[in-house]
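In the block that follows, a single chain appears as structure tokens, in the form predicted on its own.
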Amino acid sequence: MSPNPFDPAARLTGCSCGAHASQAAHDAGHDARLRRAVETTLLRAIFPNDTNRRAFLRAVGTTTATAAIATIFPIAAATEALADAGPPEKKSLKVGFIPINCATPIIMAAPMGFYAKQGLEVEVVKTAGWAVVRDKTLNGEYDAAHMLSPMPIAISLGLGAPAQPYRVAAIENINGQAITMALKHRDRRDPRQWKGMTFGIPFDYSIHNYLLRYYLAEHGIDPDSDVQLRLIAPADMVANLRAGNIDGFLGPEPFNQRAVYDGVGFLHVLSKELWDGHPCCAFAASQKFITDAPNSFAALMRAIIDATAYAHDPAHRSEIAAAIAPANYLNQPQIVIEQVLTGTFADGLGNIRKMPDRIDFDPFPWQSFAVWMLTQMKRWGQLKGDVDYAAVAREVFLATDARKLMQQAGLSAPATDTKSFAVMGRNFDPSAPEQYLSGFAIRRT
């Protein structure tokens, strides 16, 4: 309680509560109380029996106990999170998603309670296609959305839609795509034989488009003149393959595996085999939502990062498959989703393959991913003129925010925002994007 200014004994100097010599001392005391609250909760969880707690502390001492526990639980980060966390400005939120495995963390966070844990009431809304997701987020019908990771870059730059600043808060999945071919092509595995074929991709601004174009071009096929690329919603890819409308597709799961399950296609190559650890989809929001409801956005991010960490553990994959298989989510046979998530699967050519990281979940939005996407946008004529690669990547991919929340959740987070990697054996240095771009023989620029 604040001191009464009309009380002659009251001290009006010092801190806001009147109990400290200065406001700094007051703040330090507040931080200490928050830390003590975190430590108390943690010790109660570790030692439900108070007698065991006392015996442990007497045996090792307070200093040793604190240091030991701090190595396995981020007490400081948890205290900071508690200090930073304010009540959500908006508790009831809508998050749009496309029914594919890439959206696993976003979807599972609803039935498995990750949103509720953050004090949110989130309706995850199944959506028909990427353009619809984009438009519903642009007009504010969705507060945030599952997007293809290049989409927020394109939206921010005004490509395919009016420019509006969008942000990638977290990567939803890495790997988890494939080139699937119709069974009639089982003896035409050499891409150099694919001239004249038609392939499905889910969206122009997608890793699928860029990886398929990359793969074809590395085999001497110009994706704009030697083959036809057709935009097809993921849920319609298998039907189009069955009908003979396309010869193959590079698309998301579970539809590659569903083509095998239905006996209409085979897995030609997994995207992991082209670029191991590549991003695909993202959890994205407009800068307006982030500015207007920062606590709601932070709570959403915490829920998504927690769910992504849970999905990363292979021991949870069968449980997750059961949670996201129902009609209101993926609407797919559970066995199909399990084959994708567990990495033990039929390939449509008579083989059972084991690849535990066929799909994986890592939330960190590496800014070098964004730089690579920008090089491909320029390569294929989607983006013209000079590009400040690093500035766009830094603005759209929120690496600093993700790092902080990952650390608060007790996850390992990279110390840097960029890294080098290789796509089909070609090394990519994010500090030299124009040099990388100039090395391609087949390109529009």
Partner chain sequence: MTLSLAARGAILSLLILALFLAAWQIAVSGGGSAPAMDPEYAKLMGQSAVTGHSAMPGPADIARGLWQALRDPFYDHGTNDKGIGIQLAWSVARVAAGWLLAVIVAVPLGFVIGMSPLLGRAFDPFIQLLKPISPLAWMPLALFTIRDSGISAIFVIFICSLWPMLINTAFGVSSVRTEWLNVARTLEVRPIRRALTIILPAAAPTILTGMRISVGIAWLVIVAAEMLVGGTGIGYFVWNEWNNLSITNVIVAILIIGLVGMALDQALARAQAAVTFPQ
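Residue numbers count along the first chain shown, from 1. Just so it is clear, the model here is predicted, and its values are computed rather than measured.
As for the form predicted in complex with the partner chain, it is not shown, yet the points below apply to it.
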Between the partner chain and Val124, Asn139 and Ala235, in the model of the complex, does every residue show a non-hydrogen atom at 4.5 Å or closer?
yes
At 4.5 Å between heavy atoms, is Tyr261 in contact with the partner chain in the model of the complex?
yes
Distance check, Asp360 to the partner chain in the model of the complex, heavy atom within 4.5 Å:
no
Would you classify Ser318 as touching the partner chain in the model of the complex, given a 4.5 Å non-hydrogen atom cut-off?
no
With a cut-off of 4.5 Å between heavy atoms, is Asp204 one of the residues that contacts the partner chain in the model of the complex?
no
So which stretch, 221 to 229, 328 to 336, 206 to 214, 309 to 317, is the one near the partner chain in the model of the complex (non-hydrogen atoms, 4.5 Å)?
328 to 336
Exactly one of Gly248, Gly348, Gly176, Pro279 comes within 4.5 Å of the partner chain in the model of the complex through a heavy atom, and that residue is Gly348
To verify the annotation, which of these, Val132, Ala243, Ala322, Met355, has a non-hydrogen atom within 4.5 Å of the partner chain in the model of the complex?
Val132
Note that the partner chain is not shown here; using its position in the model of the complex, name the residues of 371 to 397 with a heavy atom within 4.5 Å of it, in sequence order.
none
